[in-house]
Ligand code: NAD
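Given next, in structure tokens, is a single chain: the form predicted on its own.
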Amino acid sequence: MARVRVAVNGFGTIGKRVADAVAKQSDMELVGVTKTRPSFEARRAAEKGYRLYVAGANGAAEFEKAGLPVAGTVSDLLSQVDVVVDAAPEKVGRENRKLYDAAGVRAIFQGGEKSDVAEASFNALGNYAACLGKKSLRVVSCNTTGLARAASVVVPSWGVDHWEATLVRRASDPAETKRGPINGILPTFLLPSHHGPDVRTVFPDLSIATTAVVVPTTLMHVHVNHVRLERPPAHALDVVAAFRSAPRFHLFAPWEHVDGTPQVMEYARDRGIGFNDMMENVLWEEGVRLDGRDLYFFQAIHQESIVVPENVDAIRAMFHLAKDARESIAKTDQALGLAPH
């Protein structure tokens, strides 16, 4: 089968990572990426040899003035591809869908859009089979991806009576200079938060409620999970083993002296994958406790990168490029340099 031709509309925090990930897949071809105006990211796209297309109404003049070659408009790009990964800013994807529908191309949206923007919400470990052949998918947000991955391990193994999660959220991404508290902790007054209902777009029958606070860090989110199990295992070590054996989980042992997110990201820099990213759910062995039916565990979520492999798997699900989720995940993770399972 010929490689699936992919466009990435929006070469920002998520888009540039997805573009690199797609370019590494043997069954996909990255045709081009878009920017609305010249920037250091547009320059990096050109330096990497990615064909650059203009999105929005600004036209090519600004790019040409900056010395950046432009291959055409976003409409020109859409005419050459099978699927577009929309990585535009939050809420812009819904407007972009009109372009994709008019061009007759399949589309993958991000979690910043409401779930009805696409035929289904997607998580590779959670509902890959249910998304086979869809013409539009929405990869759920970073926090929802983390929770859905954890649920894909916990739910089939022991059943869930009820799940409570408190999300300690980063204030902004590292490059964002105009967002977030400088010296404060901001409660999210929507109670419960929207993350629980979003998880149920992947696990419709899961009883889950979430709350959130925002703190002044740019590194990662941290989830504090309390899960009432239906059929608890004998020991917390059984839970640790289940997470450790699942793809896209990374567990730190006590002897590694990883106190929190600073050391997690230092490990990511040492490992040197992509943008020094941590695409897996991060758990601490000593942060997993079982008390009767009550399971407690912390997990850390790197908001800039956790959804990147999910976008690749969403493409495979759309085009039946793998026989099941495990095969797709294995292909994606091998290409990205993640640990095999």
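From a predicted model like this one, the values you see are computed outputs, not experimental measurements. Counting begins at 1, following the sequence as shown.
One more form of this protein, predicted together with ligand NAD, exists but is not displayed; see below.
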Next on the checklist: Quick check on this chain: which one of V214, C142, V117, V155 has a heavy atom within 4.5 Å of ligand NAD in the predicted complex?
Outcome noted: C142
Item to check | The unique member of G112, P247, G196, P232 whose heavy atoms fall within 4.5 Å of ligand NAD in the predicted complex | outcome: G112
Checklist entry - Looking at 59 to 67, 280 to 288, 43 to 51, 28 to 36, which one sits within 4.5 Å of ligand NAD in the predicted complex if you count heavy atoms only? => result 28 to 36
Next on the checklist: Quick check on P262: any heavy atom within 4.5 Å of ligand NAD in the predicted complex?
Outcome noted: no
Next on the checklist: Is A55 part of the interface with ligand NAD in the predicted complex - any heavy atom within 4.5 Å?
Outcome noted: yes
Checklist entry - For V22, is any heavy atom within 4.5 Å of ligand NAD in the predicted complex, or not? => result no
Checklist entry - Given that the partner is absent here, does A317 sit within 4.5 Å of ligand NAD in the predicted complex, heavy atoms only? => result no
Checklist entry - What residues of 161 to 179, in sequence order, lie within 4.5 Å of ligand NAD in the predicted complex by heavy atom? => result R170, D173
